[in-house]
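Okay, so here's just one chain, in structure tokens, the form predicted on its own.
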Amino acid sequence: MSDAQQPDDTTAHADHEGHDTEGPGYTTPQAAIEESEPEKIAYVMGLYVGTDVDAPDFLGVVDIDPDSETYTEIIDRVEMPNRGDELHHFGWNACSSSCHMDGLERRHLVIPGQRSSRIHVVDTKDRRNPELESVIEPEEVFEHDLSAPHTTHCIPDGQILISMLGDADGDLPGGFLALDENFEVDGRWEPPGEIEMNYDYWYQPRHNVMVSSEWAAPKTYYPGFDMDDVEAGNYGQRLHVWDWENKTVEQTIDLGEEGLIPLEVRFLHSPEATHGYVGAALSSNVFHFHDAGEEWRAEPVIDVEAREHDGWDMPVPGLVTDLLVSMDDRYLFFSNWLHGDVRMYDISDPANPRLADRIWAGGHFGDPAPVQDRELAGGPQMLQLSLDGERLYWTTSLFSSWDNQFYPEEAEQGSVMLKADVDPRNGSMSLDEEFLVDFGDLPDGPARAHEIRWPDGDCTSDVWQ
């Protein structure tokens, strides 16, 4: 049943001044900052793919309320019905882009399995005890010659759009799958053949634009990273600029060798903004893309130099695997998964980011000091920032086969979730030594931890019209 058909008076939402109806989320990014309450729970992907633990992946509910007796504990888990899904990225059925939709709630999490192509729908009406509601089996996805679901975004009319990285056989091209408001497959979103590779995307409806990025074919990255694939051109280096309404590619930007494996795409949150960023993982660059009038352009604005390491035959790239923009559009944060640091940049001038601060925690060069007596395996990876911009959280798993190549100890020890306190006024961060969520201490055994979401929206899922 559609959320729009089941309004829940118990779900709080902000004042929707300027709208005739009330929907999910906040009217503006500034309203999200001012009207939201500090996050008390986090939804975090937990997975066992690539470990010796024979258990299904799960959605973890983490208590992050410092006044709670179960602070930093995983207080509930929603286990998936099958093993081997490799839960990865997930998203809400609705966000602030749908705030004109009367009765629509930000209530259901859409959770794809990267390896299985199975799509799970979880009902979070009871925020601390969510329940699995339905499952879309892989065969329904393959019917549209798509596989390997990745980024899930709500779109303004109540539908859900998922980027798909491969065809039904795990080869190229990828594309996009649309779900309707009842969580049933609505079909292929774009005309087949618009792109070859796919990965992440972000849209700005006020400018009728979407930007998507490229990883590779699932058959290329599933087994792990191989430098021969880079030399063979099997990894992406392009951005695609779409006509959002017509669902067609209007421009493709080749980032060149400086833009190898462009992953996460983030526009500024202001619906008026035509500036955004993408992190090129292998090149360890951050590109700024923007509307230059007759065309969109992208230039590298941050470069992380590779570093020599005694245990490596080649200089170690930083591997910029995740980035986000604070809700006030003032700061950019990104993770250097291999090096082991999280960086904070002032982007008041979007084309000229200025390094404000960084924290080392784990990685191949970071501070090896344990947190809460827990040794750190892996480097900072998936990030999430509080809506007020004062608390930055991250987990340490990237992708099971890549984890096992670069941080094999993580499969035995499990991931951790860490936190930094952020001072937006002075542009600084400090590691919270009292905060540690240990995914290595679970009943079934150590698990990996990946993406993080808040019940009331966050800096990597909310879009405004």
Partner chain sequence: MTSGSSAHDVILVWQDGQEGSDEREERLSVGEDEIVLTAAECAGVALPFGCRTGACATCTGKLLDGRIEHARPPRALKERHREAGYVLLCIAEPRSDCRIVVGSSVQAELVSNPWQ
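Treat the numbers as computed from the prediction; the structure is a model and nothing was measured. Numbering follows the first chain given and starts at 1.
What comes next is about the form predicted in complex with its partner chain, which is not displayed.
Any idea which of 98-106, 386-394, 310-318, 346-354 reaches within 4.5 Å of its partner chain in the predicted complex, heavy atoms considered? That would be stretch 310-318.
Its partner chain isn't shown here, but in the predicted complex which of Asp54, Asp423, Glu433, Glu37 has a heavy atom within 4.5 Å of it? Selected option: Asp54.
Among the candidates Pro300, Gly170, Gly366, Pro271, the residue which, in the predicted complex, approaches its partner chain to within 4.5 Å (heavy atoms): By the 4.5 Å heavy-atom cutoff, the listed residue in contact is Gly170.
Examine Met45 and determine whether its closest non-hydrogen atom to its partner chain in the predicted complex is within 4.5 angstroms. Taking the distances in the predicted complex, the answer for Met45 is no, it never comes within 4.5 Å of its partner chain.
Answer with yes or no whether Gly84 is in contact with its partner chain in the predicted complex, where contact means some heavy atom within 4.5 Å. Gly84 belongs to the contact set for its partner chain.
Might Asp243 be said to contact its partner chain in the predicted complex, defining contact as any heavy atom within 4.5 Å? No, no contact at 4.5 Å.
Is Gln204 a contact residue for its partner chain in the predicted complex, using a 4.5 Å heavy atom cut-off? Judged by the heavy-atom cut-off of 4.5 Å, Gln204 is well away from its partner chain in the predicted complex.
Counting only non-hydrogen atoms and a 4.5 Å threshold, tell me whether Phe142, Pro218 and Asp228 all contact its partner chain in the predicted complex. Yes, the whole candidate spot contacts its partner chain.
Sequence-ordered list of residues in 111-146 near its partner chain in the predicted complex, where near means a heavy atom within 4.5 Å: If the 4.5 Å heavy-atom criterion is applied to its partner chain in the predicted complex, 111-146 yields Arg115, Ser116, Phe142.
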